[in-house]
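Listed next as structure tokens is one chain, alone, in the form predicted on its own.
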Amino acid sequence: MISVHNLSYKYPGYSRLVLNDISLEVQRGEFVGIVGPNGAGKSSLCYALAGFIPHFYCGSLKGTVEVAGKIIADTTLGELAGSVGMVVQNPFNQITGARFTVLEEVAFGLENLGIPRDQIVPRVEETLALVGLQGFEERSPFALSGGQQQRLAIASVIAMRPDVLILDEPTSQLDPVGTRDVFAALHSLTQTGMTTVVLVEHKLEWIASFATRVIAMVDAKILADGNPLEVLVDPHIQEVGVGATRYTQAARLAQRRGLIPQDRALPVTLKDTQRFFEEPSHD
């Protein structure tokens, strides 16, 4: 579904690479979380996967990116719209302002794709329910809270049912309940096996609970790529600024103080942490 080979990129006027020899393969239906410190290249990788690099951002690009069977460099953003959807961090940059209601805003992209009118409203209502915005259909997008606008931006992309959904810190405006709802919605999409999700996020606890794979980036490169249960407990990952979940930090501290055996596998989720501390120690 996604194939990236030896991708390197730097923005116009910059001498430093923001992506340095990136290669990865993502299969259909995967839920991939991308983590790393600020400036690691996470957003730039999203832009490359969505086609904003090189079609919107110019600069120096080497390597190849193929998404949903399309070579990104050879495919226009318009041609990518039906296959690849992207949600940016700031919802104000994604709401069109061309429609007066929430329902019309979500329907806007479907209209541009030429979806039959009798299919648009049911799909919009289904998507709004998925992100927790049912009952807001007639509300103005600009009368919503920041968190609700973030949900609206996500709904507008989900409704188009792209093969690949790319999200750059989509929960930055959301409270814990909203974050949980969005992650649950994304998880349900991947469970159909038809949608691939690539998500940049700093909230590691949610990545650990929902992602099937984690890619850790540092200094424009991929440092680690694998199972969240393995990547997120790697002490080297924490040392370079990626961090660790609060559960891993608590468990590691308990081991350092001799409360828990050193050979016990560190947890990354709440459920794993409960087992970690409840399991009896054997002298």
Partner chain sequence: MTIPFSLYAGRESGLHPVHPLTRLTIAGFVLIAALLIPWTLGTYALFAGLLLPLAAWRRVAGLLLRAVFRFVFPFALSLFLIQGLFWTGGTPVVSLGPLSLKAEGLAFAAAMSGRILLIVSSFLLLAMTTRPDALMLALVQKGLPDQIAYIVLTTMQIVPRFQAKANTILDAQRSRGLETEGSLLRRIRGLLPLAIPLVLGSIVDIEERAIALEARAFSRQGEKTSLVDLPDSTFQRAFRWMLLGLTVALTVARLVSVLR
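Positions refer to the first chain, counted from 1. Bear in mind the structure is a predicted one, so any value in this text is a computation, not a measurement.
The form predicted in complex with its partner chain exists for this protein as well; it is not shown, and the discussion that follows is about that form.
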Quick check: do G97, G114 and V121 each get a heavy atom within 4.5 Å of its partner chain in the predicted complex?
yes
Can you work out whether T101 and its partner chain are in contact in the predicted complex, taking contact to mean some heavy atom pair no more than 4.5 Å apart?
yes
Can F92 be called a contact residue for its partner chain in the predicted complex at 4.5 Å between heavy atoms?
yes
Might E126 be said to contact its partner chain in the predicted complex, defining contact as any heavy atom within 4.5 Å?
no
So, in the predicted complex, is V177 in contact with its partner chain at a 4.5 angstroms heavy atom limit?
no
Heavy atoms within 4.5 Å of its partner chain in the predicted complex: which stretch among 180-188, 105-113, 193-201, 209-217?
105-113
Which listed residue (V131, I72, L165, M160) meets the criterion of a heavy atom within 4.5 Å of its partner chain in the predicted complex?
M160
Neighbours of its partner chain in the predicted complex among 33-68 [non-hydrogen atom within 4.5 angstroms]
Y47, F52, F56, Y57
